[in-house]
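The chain below stands alone and is given in structure tokens; this is the form predicted on its own.
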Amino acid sequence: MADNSNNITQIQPLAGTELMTRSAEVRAQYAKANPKSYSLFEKAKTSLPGANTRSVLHYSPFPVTIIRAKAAQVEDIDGHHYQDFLGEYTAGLYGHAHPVIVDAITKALANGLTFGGPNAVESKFAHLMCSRFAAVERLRFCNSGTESNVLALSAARAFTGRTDILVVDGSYHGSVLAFAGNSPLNLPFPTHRMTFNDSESAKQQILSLDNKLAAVLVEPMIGAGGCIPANPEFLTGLRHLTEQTGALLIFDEVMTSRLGASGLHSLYGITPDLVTFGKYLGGGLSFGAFGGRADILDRFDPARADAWPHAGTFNNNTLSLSAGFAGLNDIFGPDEADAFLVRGDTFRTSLADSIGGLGLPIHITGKGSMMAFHFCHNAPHAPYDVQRIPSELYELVHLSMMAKGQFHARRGMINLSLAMSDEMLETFKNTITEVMREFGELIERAALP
């Protein structure tokens, strides 16, 4: 999903090393180049804790303030322009201010915002999503990926009459479902953890929980934890074991539904009981949805005597649904989605080859238009303890890339948008390769074994 509570910038500094010294130098250069952003950062702290209202947007020494964006470019308040390879943590699939989406929003604005009743676009968008995503027979709209996962888990517990959930250790499913470390803000569901891509770990957990287990919640590719794809055998095993024990299998495709025409559950050929959505499907506006088996979702039918309630003032707001429908129907059709998956894979391979030519302990993981770089000698197969990697290493690369007009996530995540040209991709690849070369000795010393 979208945000990551396990922010790498929170790691304790690696004191007394050349890495600390180089990081301090780059930080000072960054601060000198961004005085207006710093001034607004300090002012914002008087009303917003940490000067932000979304933790993942903070990075040391302070984040730049973005004032406008167009296509695949963003501009900060100090006048710097960046190629946007952050892609709003996968929500920015269409780039910024896509004319088709702007037109859809403009038309929706002209007709009013919230009606207090059903509107035409919600059924049209729901039908499109049900026809597009193989596992979705019915769905419900909500307002974020977090909401979609909370509601899917709650529905699973109500449907099965069971209490416990099983998640991947190191995974992230929303602001109150963060399982990298132990967040005190997590919902108090009885929760158990398994190791990603470890079929034996999953089997032991599922069988031991047996009739207490309501649901297994998993991303078919870890998003916030490093863009690490699942092994097909791991997911197939989860499907078999949940069917065997009566638990529900939930795929969190808040991020990964953009990978191919029908998301990763279709690419893997696996039908989960429920699928959760968010991010890009709102066309750049707040959005969430959860769907799946008709016999589960139909419990939300208010006409039923045993109906489950589902509230949300803005669940069917016309702006999000109009923008979302325009994006999925008019811009990102099945053919375009499949082609974009191939384009992302091609770029990631080229990027990995370029950086790999340096002979450094750096691995690029991902699928399609989502990817991340890792400072380690062996490619990761599961989210690992990021506290073992010095935060200054990520800071060096991140701030150095920004100084060269390239914007990506501090934690190493890179997301492509439809607005990017081949020239932009080539520029980014060459720039990050040179930055990695510049800090090669430090990467060698600090990378995980």
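Values in this document were obtained by computation on a predicted structure and should not be read as measured data. When you see a residue number, it is the position in the sequence shown, counting from 1.
Just so it is clear, the following notes concern the form predicted in complex with a small molecule, a form of the same protein that is not shown.
Contact with the small molecule in the predicted bound form, judged by any heavy atom within 4.5 Å, is made by just one of G170, G174, G291, G92: G174.
Stretch 247 to 255 is the contacting one of 108 to 116, 374 to 382, 306 to 314, 247 to 255, since its residues have non-hydrogen atoms within 4.5 Å of the small molecule in the predicted bound form. The small molecule is not drawn, but in the predicted bound form it has a heavy atom within 4.5 Å of K279. Contact annotation for S322: none of its heavy atoms lies within 4.5 Å of the small molecule in the predicted bound form.
In the predicted bound form, the small molecule sits beyond 4.5 Å of every heavy atom of T365. Interface residue remark: N149 is counted as part of the site for the small molecule in the predicted bound form, having a heavy atom within 4.5 Å.
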